[in-house]
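Just the one chain here, the form predicted on its own, laid out as structure tokens.
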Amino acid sequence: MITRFLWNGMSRNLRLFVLLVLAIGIALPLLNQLMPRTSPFYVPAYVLQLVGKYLCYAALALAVDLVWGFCGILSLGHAAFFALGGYCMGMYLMRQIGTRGVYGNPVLPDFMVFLNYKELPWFWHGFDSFWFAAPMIVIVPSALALALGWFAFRSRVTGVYLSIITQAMTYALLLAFFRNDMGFGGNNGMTDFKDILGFSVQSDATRGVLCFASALALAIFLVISAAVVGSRFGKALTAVRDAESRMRFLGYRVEGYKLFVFVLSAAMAGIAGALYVPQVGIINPSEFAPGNSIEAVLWVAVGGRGTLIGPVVGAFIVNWAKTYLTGALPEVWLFALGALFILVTLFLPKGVVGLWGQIKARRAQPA
């Protein structure tokens, strides 16, 4: 009943787009498993891994769009929520290695043995169970967003000041996680994962399931986001974006609207990070880099801010270009990224998704 209500409340284009995302998540793993390697329809494992990674990035971009496109909060710290979700998954995966590690310690991960840890830190307890790690993937980023948002929004910090605070947060976490005594692997982070839920993370079948799980998560996020922005709450959220002072004058508690969407967005980013880690095989402090948050904002801008579909499209376009250029011409990528940002700002204010609307509007203008 609820699912049908949410589905019917979405626009036709968004429903078709959700079906496309699910089709990609189903078709690629099936083509990998069912087609012979000599077939032109065979999908190699590295493509599954690459598409799965792009789907996680798209989910992160959607999370950024939810707060920036519909609430006007330009967050430059969403990489922190993404990385925290990834670290929670990494902790679970490290606990699954057991005696198969280099040092053969059944309890302590290899990096802890190397750093002369005598016992498992208290915050690692419970991560040997997936059913403990799974809620932590949501709770940890959400708790950070709740704490930051509570103080920032109650203090009426907005605009560039809020952006600076979120960027400072992720940079502080970057520096903290670099420390070996934090208990998260320091500069090297966590890697050499073996199993997830008893299945090898290196097998093609597991990669196919993870790719499908990423597509399913993105589809669910699209449905949830559409339900939020299409509701009365969403209308008020947009009003907060466009005229916050007027909403305050009318008696609305603006802080509550901002805090809800900020925490929801952080939870989405955390889940995206958790799905990302087993597919790339590593998590380290570089995921907290402020540049990652800025790139996520760029994905939203390229695709189309405030469109839901746009951030997903932008994430795929930019990351495909990054994969191609860093492989062929690695020294060109940063220049291309800067040029892309300038071009989008000047000529595509509504992003790639809004390009068709711009073309139709120009055609409709009298000569």
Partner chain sequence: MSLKRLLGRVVGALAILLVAGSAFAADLTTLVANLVTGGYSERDAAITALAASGEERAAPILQALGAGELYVRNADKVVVIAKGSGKQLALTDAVTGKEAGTATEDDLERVKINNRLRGTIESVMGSLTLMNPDPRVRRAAAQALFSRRDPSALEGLDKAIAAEKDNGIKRAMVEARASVVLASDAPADKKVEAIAIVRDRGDRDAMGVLQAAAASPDETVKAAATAAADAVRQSLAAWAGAQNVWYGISLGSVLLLAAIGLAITFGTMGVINMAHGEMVMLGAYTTFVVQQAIRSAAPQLNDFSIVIALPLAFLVSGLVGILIERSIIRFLYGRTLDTLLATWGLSLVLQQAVRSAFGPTNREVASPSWMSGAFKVGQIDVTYGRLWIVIFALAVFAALLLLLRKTPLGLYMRAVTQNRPMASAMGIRTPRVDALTFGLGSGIAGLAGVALSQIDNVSPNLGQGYIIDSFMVVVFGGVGNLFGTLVGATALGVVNKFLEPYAGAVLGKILVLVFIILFIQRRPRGLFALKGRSVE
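The structure presented is a predicted model; accordingly, all values stated were derived computationally and were not measured. Residue numbers count along the first chain shown, from 1.
Same protein, other form: the form predicted in complex with the partner chain, not shown, and the subject of what follows.
- Among the residues 172, 107, 197, 102, the one placing a heavy atom within 4.5 Å of the partner chain in the model of the complex is 172.
- Taking 135, 121, 159, 126 one by one, only a single residue has any non-hydrogen atom within 4.5 Å of the partner chain in the model of the complex, and it is 159.
- Of the heavy atoms in residue 168, some are within 4.5 Å of the partner chain in the model of the complex.
- Remark: residue 358 does not count among the residues lining the partner chain in the model of the complex, judged by a heavy atom distance of 4.5 Å or less.
- The closest heavy atom approach of residue 281 to the partner chain in the model of the complex falls outside 4.5 Å.
- The partner chain is not shown here, but in the model of the complex it comes within 4.5 Å of a heavy atom of residue 345.
- Stretch-level contact check against the partner chain in the model of the complex with heavy atoms at 4.5 Å: of 312-320, 328-336, 32-40, 48-56, the positive one is 328-336.
- Every member of the trio 163, 176 and 294 reaches the partner chain in the model of the complex with some non-hydrogen atom inside 4.5 Å.
- Of the residues in 223-251, none comes within 4.5 Å of the partner chain in the model of the complex through any heavy atom.
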